[in-house]
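Alright, here's a single protein chain in two forms, structure 1 and structure 2, each given by itself as C-alpha cells.
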Structure 1
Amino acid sequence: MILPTIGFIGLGIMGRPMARHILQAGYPLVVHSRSRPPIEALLALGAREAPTPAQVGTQCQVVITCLPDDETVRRVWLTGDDPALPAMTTDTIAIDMGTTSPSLTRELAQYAQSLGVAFLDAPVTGGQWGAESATLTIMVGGDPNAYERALPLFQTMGKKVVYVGESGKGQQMKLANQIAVAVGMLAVAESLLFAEQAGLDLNLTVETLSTGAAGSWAMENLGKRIAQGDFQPGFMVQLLQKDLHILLNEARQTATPLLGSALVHQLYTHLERTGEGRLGTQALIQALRRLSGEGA
C-alpha cells in the first residue's frame, strides 16, 4: 500500500514528537519550521524539508499544523507569505492540531471548502509526555468523511481519537477540557493551601484526598508536586493562559459567564506578572499563598 505524503508545519515541544510518530509509521513526511534543530532531527530520520508553507501544501495529500497561536495559524494557512491552504489541491486534507479559536477554525474551514479541501480541527490533550508516547487524546471536528480518511494518521499520534462534530467542535471540546483543568487546579491548590495553613502534612493530605470524592488527576499528579515543592512544568502557566484567553473571548461572544475560569485566569495573570509564567500550572498555589500573606 502506498501511503499519502504528510506535511507537518510547527515543530515545537508537541509537534516534533508527533511528526516523528508519523514518519516512523511509514508515511513520507515533508516538514517546515522556523527553527532548525527539530528540522535537522527529522531530516536525519528520513523526512524532506520544504522552504515555505505553500511548498508543503503543493507536495502533500495531508497538511498538519501544530502552531502556538491564532495569529500564526492564520498566517501560515492563509494570510502570510506563501501560505499553505491556497497551494493545496482538491480532495486533500488540512488539519490544525493546535488550540485555536473556534471562530478562526470555522473561517479557515469555509475557505478550504471553497478550494475543495477538507479542514479538520484536531486539538490534543496529554501534554509533552502524551506527544512523546503517542498517547494523546485527539478531539476532531469537521467533515466526517475526511475524519475517517485521516483516522489512521491520528492513531499514530494518539491513544483516544474522538470525532466530536462539525468544524470548530473539536476546538470547543478542547476548551471545555481546559475549563475542567483550570478550575480543577484551583480545587487542588485551594485545598492544599488550607491544609498547610492548618498544619497538615501535605503528602498525607494528597494521599488521603486522592481516592475519594475529592480525587482527580490533578490532585494525584500536581497535588503531589505541590507537596514536594516542585513547580517544574508538566503544562506551563503561559500555555494554559493562552487557552483561557481563547476560551473567555469565545464565551464573551455568546455572553456566557464563566466565573471559575475567569477567576483562575486572573490568578495566573499574577504569576505572569511576577515572571513565573513558565512554571507548571500547579504554581497556582503560589498566588494563593501570597494572597494569604505568605512570602512564598
Structure 2
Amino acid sequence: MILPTIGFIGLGIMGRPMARHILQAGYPLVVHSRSRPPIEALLALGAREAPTPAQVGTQCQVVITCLPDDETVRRVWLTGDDPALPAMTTDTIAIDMGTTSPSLTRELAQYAQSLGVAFLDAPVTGGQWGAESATLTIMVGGDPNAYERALPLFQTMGKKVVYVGESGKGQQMKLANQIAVAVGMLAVAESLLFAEQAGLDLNLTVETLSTGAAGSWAMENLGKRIAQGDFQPGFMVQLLQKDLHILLNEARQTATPLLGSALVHQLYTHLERTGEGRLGTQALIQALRRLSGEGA
C-alpha cells in the first residue's frame, strides 16, 4: 500500500514531535516552518522541506498545520504570500490541529469546499508530553468521509481520536477541554498554596492528594512540577491565554457564564505582564503567591 504524502506546517513544541511520529510511521513527509532547528532535525530523519506553504500544498495529499493563533492560521492557509489552500488539488485533505476560533475554522472549511478540498479541524490535548509520546487526544470536526480517510494518520499521533461533528465542532470541544484545564489548574494551585502556607511538604501533598478524590492529571503532573519549583512549559501560559481569549469571545456570543475561566484568564494576564508568559501553566501559583503577600 502506497501511503499518501503528508505536509506539516508549524514545528513548535507540539508540531515537531507530531510530525516526527508521522514520519516514523512510514509516511512521506514535507515540512515548512519559520524555525530552522526542527526542520533540520526532521530532514535528518528523511523528511523533505518546502520553502512556502503553497509548495507544501502542491506536493501533498494531506496538509496539516499546528500554528499558534488565528492570524497565523489565516495567513498560512489563505491570505499570506503563497498560502496552502489555493495550491491544493481536488480530493486532498487540509487539517488544522492547533486551537483556532470556530468561526475561522468554518470560514476556511467553506473556502476549501469550493476548491474540492476537505477541511478538518482537529485540535489536540495532552501537552508536550502527549505529543512526544503519541498519546494525544484528538477532537475532529468536519466531513465524516475525510475523517475516516485521515484516521490512520491521526492514530500515529494520538491515543484517542474522536469525531465530534460538523466543521468547528472539534474546536468547540477543545474549548470545553480548556475550561477544565484552566479551572483545574487553579484548583491545584490553590490547594498547594494552602498546603505551603500551612507548612506541609509539597511533594508529600501532591503524592497524597493524587491518590484520592482530589486526584487529577494536573495534580499528578503539574502539581509535582510546582512542588519541585519547575515552571518549564509543557504548555505555555501565553498559549493557554490565547485559547481562553477565544473561549471567552465564544461564550459572550451565547451569554454563557464562565466565571472560573474569566478569573483564571485575569490571573494569567498578571503573569504575562510580569514577563512570565512563556512559563508553563503551573506558574499560576506564582500569581497566587504574590496575592498572598509571599512575593515571587
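Since this is a predicted model, take the numbers as computed values, not measurements. What we label the rigid core is the largest C-alpha set whose atoms superpose within 1.5 Å from one form to the other. Just so we're on the same page, residue numbers count up from 1 along structure 1's sequence.
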Block containing the form predicted on its own is structure 2
**Message:** Taking the rigid core as the reference frame, tell me whether P144 has a CA displacement of 2 angstroms or more between structures 1 and 2.
**Reply:** no
- Cα of A41 displaced 2 Å or more between structures 1 and 2, core superposed? no
Against the larger rigid part, the smaller one turns between structures 1 and 2 through an angle, in degrees, of 10
Superposed on rigid core, T208 CA travels between structures 1 and 2 a distance in Å of 4.8
Expressed in angstrom, the C-alpha movement of F194 between structures 1 and 2 on a rigid core superposition is 4.0
